[in-house]
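What follows is a single chain, given as C-alpha cells, in the form predicted alone.
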Amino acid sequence: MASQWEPLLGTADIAEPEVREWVFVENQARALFSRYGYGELRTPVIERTDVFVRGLGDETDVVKKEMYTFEDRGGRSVTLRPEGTAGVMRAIANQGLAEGEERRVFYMGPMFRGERPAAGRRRQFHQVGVEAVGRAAPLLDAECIAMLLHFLEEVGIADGELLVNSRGTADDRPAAAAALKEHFTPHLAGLCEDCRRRFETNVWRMLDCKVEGCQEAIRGAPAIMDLLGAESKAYFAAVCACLDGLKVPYRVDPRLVRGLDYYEHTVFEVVHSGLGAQNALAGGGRYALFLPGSDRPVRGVGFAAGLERLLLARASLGQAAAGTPGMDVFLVSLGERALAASQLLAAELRHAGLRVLAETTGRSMKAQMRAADRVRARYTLIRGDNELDGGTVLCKAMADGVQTPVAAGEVAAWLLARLMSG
C-alpha cells in the first residue's frame, strides 16, 4: 500500500543529484536554441479545453482518452496542457503575427496526460520543444531537424536514428484515407480495439499503433508517399535534398505519421535503442493548427523531446552529469562569539562566489568536523576565542589536513587563490 507521503502514481519528486541532470539538459537547450534565433516562451500549464480539442484534433488519443479536463469555478472547461504546441500557438496568435512574419520560440516545462505510467512515460512529464511559426519552406523544415540532432549531440546522445516521412496536405487526405481503409478492412477482426475505433474516426492513426498483434497489418499498408499528390511529393523531395545538403543522415519511414492531427507535409522522429520498446526519443514536423474561433490555420514547424526520455537515453550511454558538488567552505565556530562572527564571514565569502556552510547551533568541534566531511567541504575555517582575539582564521585543507592561520580580512582572497588553482 502506497504511503500518503509518496507522490501520486505517474508523478515524481526530483531532487539532488538527479536534478543536476535536468538542469544540464535545460541549460544546453537554452544555449543551443538561442544560437538558431529562438527565444524562450512560457505559457500557462492550464488552458481552455478548446485550445487542445480544436488544435490537436478531437479524434486523437490525447484528446479522447488522455487529457486532464475539469470545470473551473467560472463553469469553463479547462485542461492541464498535454503538449506544448497548441498553447504556444495560442500565445503567438494572442500577441499577433503579421502576414509573412516569422516567430521562433522554444519552451520547456511540465505536461500532463492520463497514460499508464511506464519507463520514461509519466502522467506529469516534461518537454523541451521549439516552434518556428509563420513561414513554410523545405529548408526551414530541414534546419529544424538539424537543430534537433545538434541538441541531442550537445546533451551526449549522438547515436539516435532519424526517421522522416510526409503527411501531405489536406487535399491528399480523402484519397489516402480511402486507400488505407481498403487495406485494413480485411484485417479488422484481428486488430486491437483502438485500431478498430480509429478505422472509423481517423484511419491514419492506425499506422501509429504499437500493439504487436497489429504490426503485420501495418507493415503491409501502403506507403504514405505513394498516396500523396505531386505537390506533396515535391515538397518532401525538397526537404530530403536539404537534409542531404546539410549532411544530416536519415531514413525514410513510409508509415511514420506521428500521433496528432495537425501535421502536414514533413514529419520526423528520432528513435533510440536505450529506451526499450517505446523507443521514440523526440519528434515533430510541419503543422497547420486551428485555434478556437478561427478558420485560418497557424502554420509552423517544430519538435518536442521528453526530458525524462532524454535522461533515460543519457543514462543508457553512461552520460550522467557530475554529482552534487561539495561545499567550498565549512565554518567551524567554537563559542557564541565565533558563531556570530562566522555568520558575517560566511556572508562575505558567499558574496565572493564561494559555496559556504556555517555552524549555527554551537555543537562540539568533533560534530562540526563530521558535518564538514558530510558536505565534502574543501576547506574548513576554524575560529574560537583565541582566533578572534588575534584577528585570524585557522584554514584547514581537508585533502591533506594542513592548517594555515590567515588574517581575517584576507581569508576570501586566500581561499579564492587556492580554489581557482585547483
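In this text, all values refer to a predicted model and were calculated from it rather than measured experimentally. Don't overthink the numbering: it's just position in the shown sequence, from 1.
Keep in mind that the form predicted in complex with a small molecule is not shown, yet the notes after this line are about it.
In the predicted complex, none of the heavy atoms of Phe330 sits within 4.5 Å of a heavy atom of the small molecule. With a 4.5 Å cutoff on heavy atoms, Cys209 does not count as touching the small molecule in the predicted complex; it lies far away.
Taking non-hydrogen atoms only, Arg258 approaches the small molecule to within 4.5 angstroms in the predicted complex.
Put simply, Arg121 is close to the small molecule in the predicted complex: some heavy atom of it is within 4.5 Å. The candidate spot formed by Phe199, Trp204 and Glu264 lies out of contact with the small molecule in the predicted complex, as no residue has a heavy atom within 4.5 Å of it. Scanning Gly168, Gly302, Gly160, Gly87 against the small molecule in the predicted complex with a 4.5 Å heavy atom cut-off leaves one residue, Gly302. Exactly one listed residue, out of Val133, Leu152, Val164, Ala282, brings a non-hydrogen atom to within 4.5 Å of the small molecule in the predicted complex: Ala282. You can rule out all but one of 72-80, 97-105, 305-313, 211-219: in the predicted complex, only 305-313 has residues with a heavy atom within 4.5 Å of the small molecule.
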